[in-house]
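The chain below stands alone, shown as structure tokens; this is the form predicted alone.
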């Protein structure tokens, strides 16, 4: 039975090859000062930066540069972004990039007018913003996080070795998102693959919770099959528009709060993976792929019915003459084979983690209670050991 819920999503999406044509109409809704947020400079090399700057200038906007957002944005970078926004009295934070840029923009947006320390208020105490929020808009160049249509903001504190991702209410959602699949073509294959697994695992985190048949699970299964199908095409031809558009669209639906409706949701793979990222600064999707199978194999007995369904519905495993455990194990084997085929990292050693980090990663892992089993720290430690 589905649990009780309410649903609304405040983000307006523009999707397709001509999506950028709608940026001008969105800019007209905001004031003159635009903080242009981007990462390491790839948008300058591929021409997207020049395209957006021209649109901003044509609309008479003042451009306040805020580049250099790293793949795992830090609280120090957020504090720098807050300073830039305050000094320039910005009216809109325009994120151009992937989920890291969008997460960073949201963290800045809720902090510009906040008198408290943003790390303590939002990432330690997990409070909702109580101040005026500077609006965020996104131009997406990487598909994976779904940050373009949700209130999540994952930020790393290097001093504390913590990577934390609170999920804020709909007032923090981006006001609009521009999504052109062709903007993702120049992404290195490793980044594309990491994003693909981030999408898939977002769905898993919501799917592997609760035992009852419900609409959310049927949607989740379709989304997972779409990711698998399109990923195999995209790794062979990164400029296959249909595959890249399906991946981008699925990424949004995987984490725009729709398929969590009526679900308890798990998120332990993300909690472990984020703690790994705090120690290694590894690509987020790869930290998830390195710990997923040890985690799912550990909890499978506690949610066996759903793992059997996963094997049959997503991976087409035949149940004939097999026990439920055998069916479920074959499903995870099929998942593992797919992960290896697309080139995911399958262990923590390859991410630069060392066994002397195990205790720190364990201590930095937040424990959630929405999955099939609430883990102890000792169980988390064993899962991490199994991930090497």
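Not measured: the values here are computed from a predicted model. Residue numbers count along the first chain shown, from 1.
Omitted here: the form predicted in complex with 5,6-dihydroxy-NADP (NZQ). The next part is about that form.
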{"item": "Among the candidates 113, 186, 130, 158, the residue which, in the predicted bound form, approaches 5,6-dihydroxy-NADP (NZQ) to within 4.5 Å (heavy atoms)", "value": "186"}
{"item": "Contact assignment for 5,6-dihydroxy-NADP (NZQ) in the predicted bound form, among 72, 252, 292, 109, heavy atom within 4.5 Å", "value": "72"}
{"item": "Interface membership of residue 39, 5,6-dihydroxy-NADP (NZQ) in the predicted bound form, 4.5 Å heavy atom rule", "value": "yes"}
{"item": "Contact flag, residue 62 vs 5,6-dihydroxy-NADP (NZQ) in the predicted bound form, heavy atom cut 4.5 Å", "value": "no"}
{"item": "Contact label in the predicted bound form: residue 314 to 5,6-dihydroxy-NADP (NZQ), heavy atom within 4.5 Å", "value": "no"}
{"item": "4.5 Å heavy atom contact, residue 257 to 5,6-dihydroxy-NADP (NZQ) in the predicted bound form", "value": "no"}
{"item": "Partner-facing stretch of 80-88, 301-309, 178-186, 230-238, counted where any non-hydrogen atom is within 4.5 angstroms of 5,6-dihydroxy-NADP (NZQ) in the predicted bound form", "value": "178-186"}
{"item": "Joint contact, 142, 153 and 163 to 5,6-dihydroxy-NADP (NZQ) in the predicted bound form, by non-hydrogen atom at 4.5 Å", "value": "yes"}
{"item": "Sequence-ordered list of residues in 258-290 near 5,6-dihydroxy-NADP (NZQ) in the predicted bound form, where near means a heavy atom within 4.5 Å", "value": "270, 274, 284"}
